[in-house]
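A lone chain, given as structure tokens: the form predicted on its own.
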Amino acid sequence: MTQQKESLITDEMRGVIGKESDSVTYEVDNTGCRQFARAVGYTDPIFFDEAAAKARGYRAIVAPPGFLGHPVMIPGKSAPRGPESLGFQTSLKRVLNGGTDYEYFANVCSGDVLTGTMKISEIAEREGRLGQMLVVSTETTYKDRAGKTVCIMRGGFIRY
């Protein structure tokens, strides 16, 4: 008779699937756009030069794909971010990025202020070389000041 391992997925974890986090404000600025573009190797002037961006029909310097601004953090007032903000707790402490995918619906440019809300869309359990793992899929929706969705980021992380 084989002994079944106890599941790492608790009722509390199941309870946060689909629950939306509090919103977090993100500011998109020139410096952030330029640094991110430089870091990932983009060379198109629309990511660095406002005149070049405007000449191509953009409002301002364009935020490179994958850059959606910096979260506004105010000491003592900022809410926690990530799955833990929803009450997701696990004893597994090691974390790996499980990949990220972005779906854009509008351009994001310097000067934009976005709000992002995250939800856990799925939790799965796997067995790896190092033992049991949790694969947690998330979806973060970014909206502009008018409330229009500009991007949905789907990603995940692996706890082991």
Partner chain sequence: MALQPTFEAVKEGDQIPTVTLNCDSQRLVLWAAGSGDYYQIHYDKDFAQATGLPDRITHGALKHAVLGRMLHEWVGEKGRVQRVACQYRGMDMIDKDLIAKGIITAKRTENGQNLVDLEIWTEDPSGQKTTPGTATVALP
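Numbering follows the first chain given and starts at 1. The shown structure was predicted, so the numbers you read here are calculated from the model rather than taken from an experiment.
Just so it is clear, the following notes concern the form predicted in complex with its partner chain, a form of the same protein that is not shown.
With the partner omitted here, the residue from A124, V113, L92, V40 that has a non-hydrogen atom within 4.5 angstroms of its partner chain in the predicted bound form is V40. Mapping the unseen interface onto this chain, A51 falls outside it, with no heavy atom inside 4.5 Å of its partner chain in the predicted bound form.
Mapping the unseen interface onto this chain, T117 falls outside it, with no heavy atom inside 4.5 Å of its partner chain in the predicted bound form. Contact annotation for V28: none of its heavy atoms lies within 4.5 Å of its partner chain in the predicted bound form. Although the partner is absent here, G99 lies within 4.5 Å of its partner chain in the predicted bound form, judged by heavy atoms.
Proximity to its partner chain in the predicted bound form holds for none of R14, S23 and G82, with the criterion being a heavy atom within 4.5 Å. For the partner-free chain shown, N107, R129, L130 of 106-131 come within 4.5 angstroms of its partner chain in the predicted bound form, judged by any non-hydrogen atom.
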